[in-house]
Ligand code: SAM
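Okay, here we've got a single chain as structure tokens, the form predicted alone, with questions on binding and movement later.
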Amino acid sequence: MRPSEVIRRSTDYLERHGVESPRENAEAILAQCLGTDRAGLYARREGLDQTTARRFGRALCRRCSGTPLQYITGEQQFLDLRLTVGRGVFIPRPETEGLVLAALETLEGVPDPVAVDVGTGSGAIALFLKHRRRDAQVFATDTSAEAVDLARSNARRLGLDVDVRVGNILDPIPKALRGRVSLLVSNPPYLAAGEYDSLPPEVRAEPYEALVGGTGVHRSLVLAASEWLAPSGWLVVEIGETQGREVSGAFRRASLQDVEVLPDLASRDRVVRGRLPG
């Protein structure tokens, strides 16, 4: 059976099981099993050997049972970076692309900036900042040793010099950088505990501690901002769509300036940023 026919049948199978974008999922899983890309799938004339067919079938079953596509293929595109992802580490979302672009904007005109990404996960934010600003000194932290290992692996594979450390918030960052950080950025776990049970199974397949936390980390970062940021340095955080008023209020009470709440592509509050007085 040619790959095009395999895709047609597996698309029907995924659709019957309620998987969104079933054809795109089928193509991505089959391409991963065959070690090719989408163009290679449709150019291929020979069918699947028995081993590949079994592996593909198992992957389809995992997808139907709620395993995220990215955990099956082992990768996720984030802007112009292709990241390795894996079970036990948060999968970067399109909303976070908006966060990192808003963060990058704050570094315009800042020579040799110092940036710290708190709760780095796969390293998406820190790596993209370094990718776009090769003159930057970029640090990243995470409480998960598994996430730190993955972020370091992504940094090595992409050839990006990012210093990734295990620890809570800013605890692992060299104390000599207090008062010298140009940018503190974070996509912290911001869902409320009561929201967790209503999440789709594929979201609940991701680490609980990377999803649930309310505004706890936001408040910790606001408290840390005056100690760690350089004059005119920025704090930029991702938020839940109902948290804009609360988090921006915390920024203002901490005397951060130019505080603004930025929307995502669906016009929902998604990013809060503000800077230390110059």
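A residue's number is simply how far along the shown sequence it sits, counting from 1. Since we're looking at a predicted model, the values are computed, not measured.
Just so it is clear, the following notes concern the form predicted in complex with the ligand, a form of the same protein that is not shown.
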State yes or no: in the predicted complex, is some non-hydrogen atom of residue 246 no more than 4.5 angstroms from a non-hydrogen atom of the ligand? no
Would residue 144 count as a contact of the ligand in the predicted complex, using a 4.5 angstroms cut-off between non-hydrogen atoms? yes
Taking 4.5 angstroms as the cut-off for heavy atoms, does residue 187 touch the ligand in the predicted complex? yes
Taking heavy atoms and a 4.5 Å cut-off, does residue 168 contact the ligand in the predicted complex? yes
Check each of 96, 182, 137, 84 and return the one that places a heavy atom within 4.5 angstroms of the ligand in the predicted complex. 96
Students should find that, of 118, 103, 115, 162, the residue having a non-hydrogen atom no more than 4.5 angstroms from the ligand in the predicted complex is 118
Pick from 22 to 30, 38 to 46, 206 to 214, 61 to 69: which stretch has a heavy atom within 4.5 Å of the ligand in the predicted complex? 206 to 214
